[in-house]
Structure formats: structure tokens, C-alpha cells
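Two separate entries follow, structure 1 and structure 2, each one form of the same protein chain as C-alpha cells.
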Structure 1
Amino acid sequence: MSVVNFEFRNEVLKHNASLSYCYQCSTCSGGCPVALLTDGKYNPRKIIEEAILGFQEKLVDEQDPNVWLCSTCQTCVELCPQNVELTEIFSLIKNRCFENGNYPEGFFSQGQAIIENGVAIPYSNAILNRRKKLGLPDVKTASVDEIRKLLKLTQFENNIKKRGG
């Protein structure tokens, strides 16, 4: 049986106090395009309920419901009669998953690309040629050293290593 974890609950509340306004009306799940298609596998109301109860293990370790299925369409945020900032709260939960190295591969590869290139998609020779043919100018993107320095300061480089690539 899950036990209320006040520490985790307070951590979420500290990050986003709007969590405490939720009265579980389920407007979020009713308007959610993913909930509609996943037969309960994804359910924003339930994620918020588990956050209120501080169910860290369920949310971060077991990922039940799977918070990674949120499409970030922000429909729930607009619809919520209590102005609960659901997407922000989901983002905090996902940030904790990231710190534990437990998250989908696509996020890992995007993070790696930014560490290596400063941008999420490196410029291939084929694209550079295509740009030239289309009459587009060269793009001078950020200095990779500068971006890496920031990614070290925010602990991003450190945290991304926790996931087996």
C-alpha cells in the first residue's frame, strides 16, 4: 500500500503552490487528448492526486500513470477551474525522473545533441548544400564551449550521465 509522503508533497507544493487548489473534478482528464486515447494509462487527474498524496514512488519510479505521455498541449491548464498549473507540476515530476536517469531515450538524445553542438540538430552537409541552393545564409550558432560551460553549471551534464545511453 502506498503511504502519504509529506516530504515529496511539500517539495511539489514549494515548486508550485497551485497543486493545493485541486478538488479532483477531472475537467483536466475530460479535455485531455491523450487520456481519451490511452484507456487510463495516462490520466492527468490521477497524476495530480498522487502528487497531492506525495506518492513519489508511483510518480517517479513506477511512472504510473505515465507522466511522459503528456503531450504538453496545455489544454488542461486552460480548462482547470481552479487554475492548477498541471503542465508545470508534470514538468517537475519529469525533472525528478531525469535526475534518476529514468526517462525515454528521445529526451536523452536531444540533450546529448545540445551538449555536443549547442543546437538540437547538427547541420549535415546535405542540409548545408540545400540551404545554399535555396539561397539561405550561413547560420552562426552558439559557441559549443560557452553552452557546455552553462550545462555544467546547471548540473545538466552531470545528470544526463545517469542514464545508460
Structure 2
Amino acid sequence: MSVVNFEFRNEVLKHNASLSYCYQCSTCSGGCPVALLTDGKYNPRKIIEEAILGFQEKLVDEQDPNVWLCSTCQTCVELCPQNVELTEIFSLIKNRCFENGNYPEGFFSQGQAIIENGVAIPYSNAILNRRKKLGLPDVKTASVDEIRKLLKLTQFENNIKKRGG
């Protein structure tokens, strides 16, 4: 049985006032492409329900359902008859997971790549050469130093170190 964390519940409700209008109609889950692909294992309605109830342990520690499966396509937001900003709540939960060092390995790897290269998936020399032969413009990326400053401000590197990076 899940324990209600009132601090988490209040943070979620305070973060997005539209959440109090959710009446659990399941329109979000019915239109969610990830829910459809996972046969309902990923369930936006369930995440919202558990957030409203303050079940931080289930959402953050157990990740049941796993909020990281959200592709942020915004379909749930577009379909919601009550205009609940679901993806904002999902981002809040992901941030809480991250703060606890509880995030997918792929996220960890991409974070390390961004710190080292300035992009999550660096272009190979073969792709860069092909782009040049095709007359495509050079791929522009942000300064690695600027990215590192931003990541430092968000304490990203500290959380990466917590995880063992």
C-alpha cells in the first residue's frame, strides 16, 4: 500500500493548478501513443491519479508507472477536456526522480555525451563528410563551455556523479 506524501501532493498541485480539474476520464491514456504501444502498461491517467494522491514513493522510487516512457508528444494535453497540462506534471516527477538519482541509463549516457561534446548524439565523421558532399550547411552546436555552465547551474553534473559518472 502506498503512503501519501502530503508535501509531494501539495507541490504537484501547486505546480499546476489545472490538475485539480482532472476527473480521471482516461482520455489522456486512450490517445497516448506510448500507452497504446505498451498495451496500457504506461498509463498517463494512472500517473496523474498517483500524483494527485501524493504517492511519491510509487512515482519516484518505484516508477510504477514509469513516467520516463512519456515521449512528450503533447497528445494527452491536446485531448484533455479539462485542459490539464499533464506533461508539466510528468516533468516535475522526472525532475524529482533525477534529484534522487533515479533515471534511465540512456538519460545518464546522453548527459555524459552532452557534457563532453555539447550534443547528445555526436555526428560521425562519415555523416559530416556526406553532408559536405551534399552541399548541406555545417551543423551548428552550442558552445560546450556554455552547456557546461547551464548544467552546473541545474546541478546536473552533481547528480551524474551521484549515479557514478
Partner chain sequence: MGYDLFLGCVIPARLPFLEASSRKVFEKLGIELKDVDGFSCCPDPTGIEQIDHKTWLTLGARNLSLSRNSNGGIVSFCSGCVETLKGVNYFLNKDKKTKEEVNKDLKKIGGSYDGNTNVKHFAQVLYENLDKIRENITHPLDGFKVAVHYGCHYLRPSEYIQWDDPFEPKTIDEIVRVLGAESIDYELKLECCGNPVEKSDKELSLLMIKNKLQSIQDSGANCVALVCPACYQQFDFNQRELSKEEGIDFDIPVFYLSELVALALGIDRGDLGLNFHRIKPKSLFEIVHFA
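Since the structure is predicted, the reported quantities are computational estimates derived from the model, not experimental observations. Just so we're on the same page, rigid core means the largest C-alpha set that superposes within 1.5 Å between forms. For residue numbers, the reference is structure 1: its sequence is counted from 1.
S.K.: Mark the structure, either 1 or 2, that is the form predicted alone.
M.R.: It is the second structure that is the form predicted alone.
S.K.: Superposed on the rigid core, does the Cα of V144 end up 2 angstroms or more away between structures 1 and 2?
M.R.: Yes, the C-alpha position differs by at least 2 Å between structures 1 and 2.
S.K.: Establish whether a shift of 2 Å or more occurs at the C-alpha of Q110 between structures 1 and 2, with the two forms superposed on the rigid core.
M.R.: Yes.
S.K.: Align both forms on the core first, then report whether A126 has a C-alpha shift of 2 Å or more between structures 1 and 2.
M.R.: Moves: yes, 2 Å or greater.
S.K.: When the rigid core is overlaid, by how much has the CA of G135 moved between structures 1 and 2, in Å to one decimal?
M.R.: In the core superposition between structures 1 and 2, the C-alpha of G135 moves 6.4 Å.
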